[in-house]
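Listed next as structure tokens: two forms of one protein chain, kept apart as structure 1 and structure 2.
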Structure 1
Amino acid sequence: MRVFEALAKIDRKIIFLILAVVIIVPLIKPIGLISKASTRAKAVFDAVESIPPGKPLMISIDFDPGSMPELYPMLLAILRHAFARDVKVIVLGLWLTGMGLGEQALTTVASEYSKKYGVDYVFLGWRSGVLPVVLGMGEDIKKTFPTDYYGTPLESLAMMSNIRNYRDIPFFISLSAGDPGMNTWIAYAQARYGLKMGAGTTAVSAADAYPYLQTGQLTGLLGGMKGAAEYEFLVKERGYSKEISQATQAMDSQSLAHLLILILIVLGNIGYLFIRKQTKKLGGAR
């Protein structure tokens, strides 16, 4: 009887303490609850994996700091995958507010793999006018971006010497938090120029991408933090990186917290039902 009363009346301070432990511990030491990637995430991974070394992967940063928890880990994982395989990387963005994140990610990951700017990767940055940029690169990237993010002429960068337009890009990924983003690239780059592309989106926007997966306009999809964690899992499984996996840590904490809440709900209801049953018995005995 006392056990069930205790279950129904657990002090909220104890609950908050247990919840804090469950959230904090995986952030310090990830458990790695994700042990399998979805077919959508694996399709993006396989597309990057199929790029021959020395050929370019293009990534568009179509998000800002508000969507950083879900999309930034995707960017890090994709860059690590590409650099580990000696795939060249071109980064740009349709969101001006995301350029700082792009520079930060490139600087961080390039140093991990000793990659050299202008030889192994290029940061185009942002240009005003969404459609002129997307359509312009389909004709000539150097005319659309005469200089890179730092003001260096693209003509002077060794990596860009043999890259003219989308036909020279084996695969493209839009990390999109809204508009302009994935939909823009599909409508004006994929549909018009046949650009092979995948996407990473926030969890709330993932459903919008499913029709494009069904039509084949998207090769694959990373949906929210789970998609980022799945890509991190694939990168680590192949031995491409040993760095801390931000999305994996967050998913471990989130999953364990959800599990704890479900357990507490079940225990609380069991305690309540038992107490209610005992109360009815006592009332009937009187």
Structure 2
Amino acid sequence: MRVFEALAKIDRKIIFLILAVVIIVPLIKPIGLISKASTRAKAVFDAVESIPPGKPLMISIDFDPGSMPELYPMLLAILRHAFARDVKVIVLGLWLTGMGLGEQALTTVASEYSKKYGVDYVFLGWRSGVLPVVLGMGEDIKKTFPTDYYGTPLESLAMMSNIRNYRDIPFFISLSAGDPGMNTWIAYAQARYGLKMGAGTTAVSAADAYPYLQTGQLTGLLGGMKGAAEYEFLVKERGYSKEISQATQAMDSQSLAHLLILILIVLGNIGYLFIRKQTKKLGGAR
């Protein structure tokens, strides 16, 4: 009986330690669980795959380092996919504190594929106000972003010469950690201007995206780090990249940590049920 009581009272520092071990060990000694692509992730991949070479894919960085492990690997994988297929890339963001991540990702991936700034990709950066940015781009991207992130006038960038507004963007992906993000783009760009879009979201908001998937407002969805791993799987399977995939590498730890949490919930409940039974018994005896 003491076992059940002990189960209900494990010290939280022990839980912290076990969780850390469960995550660190599989990173050092991988088990090799494979993360195959779901239909939702495949839909995003196929939409990028269907962009003709030379046409642009637009990506919005609607997250900051707080959600980096989930969304940054998506950004890298999507950029690799686009660059490998010679699809032009426009990157912007609704989160000011995500701009450094855009700079970091573009610098890393563009050099892997020897892509040239202004010809193969453009980093628009950030503009204030959210709604006037999303609505303004539907009218004219160059009026909303007269210059790019570095202060270069958009008029002077070769890639932007044939791009005016959303009508010239075959596909768009919002990498979203909340608000402003996926919901903003759906309400103000997809509904009003018919922008075809997919989303990569943090796992926290992935379940909220399902109504939009069913109506077709979202073409596809990458949900959390698992979604990133699925995209990495597809990019590797097609031979578009040989780089180490951060999200895929994390899936063993992710799986074991989930198992641990489930075990903890079960243990907590066993302890709880036992104590409740005991209390009832004692109450009855009185």
Partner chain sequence: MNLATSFWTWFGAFLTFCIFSFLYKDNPFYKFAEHLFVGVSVGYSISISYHNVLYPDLIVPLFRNGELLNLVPLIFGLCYFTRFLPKVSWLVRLPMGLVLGFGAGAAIPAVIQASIIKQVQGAILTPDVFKRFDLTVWALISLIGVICTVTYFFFSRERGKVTKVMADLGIIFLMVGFGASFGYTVMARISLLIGRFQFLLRDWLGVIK
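For residue numbers, the reference is structure 1: its sequence is counted from 1. Quantities reported herein were computed from a predicted structural model and do not represent experimental measurements. Note that the rigid core is defined as the largest set of C-alphas that superpose within 1.5 Å between two forms.
Colleague: Which number, 1 or 2, marks the form predicted together with the partner chain?
Modeller: Structure 2.
Colleague: Taking the rigid core as the reference frame, tell me whether residue 258 has a CA displacement of 2 angstroms or more between the two structures.
Modeller: The answer is yes; the displacement is at least 2 Å.
Colleague: Superposing on the rigid core, is the Cα displacement of residue 26 between the two structures 2 Å or more?
Modeller: Where the cores coincide, residue 26 still shows a C-alpha shift between the two structures that is 2 Å or more.
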